[in-house]
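This document starts with one chain, in the form predicted on its own, laid out as structure tokens.
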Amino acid sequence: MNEKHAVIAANRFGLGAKPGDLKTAQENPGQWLLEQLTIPRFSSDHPDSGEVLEAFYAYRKDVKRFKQQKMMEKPDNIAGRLFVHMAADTVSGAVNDDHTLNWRLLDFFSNHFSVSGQGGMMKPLAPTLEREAIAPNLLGPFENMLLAVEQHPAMLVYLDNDKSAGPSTGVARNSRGLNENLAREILELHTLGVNGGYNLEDIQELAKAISGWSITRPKEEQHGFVFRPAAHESGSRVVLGKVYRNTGSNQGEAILKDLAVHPATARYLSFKLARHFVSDSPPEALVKAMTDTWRQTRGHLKAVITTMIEHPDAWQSDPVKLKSPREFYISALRLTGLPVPNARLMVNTLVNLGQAPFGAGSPAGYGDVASTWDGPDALLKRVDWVNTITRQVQMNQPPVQLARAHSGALLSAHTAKMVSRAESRQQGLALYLMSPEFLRR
């Protein structure tokens, strides 16, 4: 049994077995996973969101001067360069790390709190959200992550809350009004879920409570989140039947803390986690156990993940989850041992495979079920990429050995036979990378 569970631990909960992983995990697969519940480490060479904002404001100033003075040399736009390197840094971490459960968790919550790096300031800001607000709070109370995300410049800019002003404020009378985008997505996507029992008035009340949550302007010294009292709608707010006194920025924070531990949030997030890790239609008993832990621990994420790992329904043998393009790409690099490509090539490959980093184009993020990724065009793109990379792999061993290093006891006799009888080792590897055992987890 441990041999099968080692395969599930490495491929379903992690981002794919490297040669040798199954042997290590086999001794105690569950404990092997629990030891991977650590904070992912990024390269420290990249700027934080405050430095990104500062650089963007400086670039915008240079562009203005460039146009006014008709300068010959166009200012260097660092946005695209920073975006590519930070997006690739996360992928490199997942490929190279011995532990990948933590990187899969990071991917899950980065998609849950989806922001798109498309255009202007959002290009370099988007990758900083997962580095600064999600990763440090990956294993603690959900309320910490929720607060950090909703007050992060990337989320405030993406959903236009940085320009939101209470309807009775002087700021609103002069130019701007109340923007409900962030409040709506907090309730619909980030906490309660679309059927979470809130209504239009709750959205409007939450939007008023977080009016004034903004980011600093170019001339201000410290760049990042700022609360602007002049744009905040004063007065008490009522959300889901509870009254919140006017306490400035703390009013919105108090609402978010309650949302993080609401029963609907516990159920919604537990279902999404189980669907991501285990099955497009996760067992009800598993979801209930995770929901119960969420409520008992007030949303302590490490405890909820531990409940999932320790639940027997999470270990069904059949691999039923179709890997997303990103999972497919990372797991293939981990198994083949190919050198991690340069940042630009890495990002371009993910774009070609259909899952551009920070490119969902919607606050709902990328889909997390098979129907999102199983179209014929998507599979053909995987075939093309596999045919390209298998020509680069130094095959010092029969491909069936790599197949066993990844699928172990779950490698079917049919796939093993096909891989063994291929005309070349490269062709055998390509057949395995497009087999059901590798495409699913």
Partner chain sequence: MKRRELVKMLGMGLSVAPVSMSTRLAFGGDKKESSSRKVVWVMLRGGVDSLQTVVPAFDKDLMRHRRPLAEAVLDDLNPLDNGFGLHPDLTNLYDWYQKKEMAPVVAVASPYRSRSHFEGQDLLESGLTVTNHDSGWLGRALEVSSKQGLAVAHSLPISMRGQGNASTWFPSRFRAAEDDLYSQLFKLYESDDLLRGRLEQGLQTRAMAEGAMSSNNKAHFEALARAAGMLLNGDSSPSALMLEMGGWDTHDNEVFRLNRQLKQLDDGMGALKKALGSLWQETLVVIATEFGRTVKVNGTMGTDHGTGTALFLAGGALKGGRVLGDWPGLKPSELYEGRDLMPTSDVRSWIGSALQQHWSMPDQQITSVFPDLALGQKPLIS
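Remember, it's a predicted structure, so these values are computed and weren't measured experimentally. Residue numbers count along the first chain shown, from 1.
What comes next is about the form predicted together with its partner chain, which does not appear here.
No residue in the set Asp48, Thr90 and Leu106 has a non-hydrogen atom no more than 4.5 Å from its partner chain in the predicted complex. Using a 4.5 angstroms limit between non-hydrogen atoms, Leu82 is distant from its partner chain in the predicted complex.
Within 4.5 Å of any heavy atom of its partner chain in the predicted complex lies no heavy atom of Asn28. A residue is said to contact a partner when one of its heavy atoms sits within 4.5 Å of a partner heavy atom; Leu22 fails this definition for its partner chain in the predicted complex, lying far away. Proximity of Phe42 to its partner chain in the predicted complex falls outside the 4.5 Å heavy atom cutoff. Between the options Thr38, Gln394, Gln401, Thr388, the residue in contact with its partner chain in the predicted complex by a heavy atom within 4.5 angstroms is Thr388. This chain is displayed alone, yet in the predicted complex one of Thr247, Ser168, Asn195, Ser362 has a heavy atom within 4.5 Å of its partner chain; that residue is Ser362. Between 28-36, 49-57, 401-409, 373-381, the stretch whose residues reach within 4.5 angstroms of its partner chain in the predicted complex through a non-hydrogen atom is 373-381.
Residues Met418, Glu423, Gln427, Ala430, Leu431, Met434, Ser435, Pro436, Leu439 of 418-439 are found to place at least one heavy atom within 4.5 Å of its partner chain in the predicted complex.
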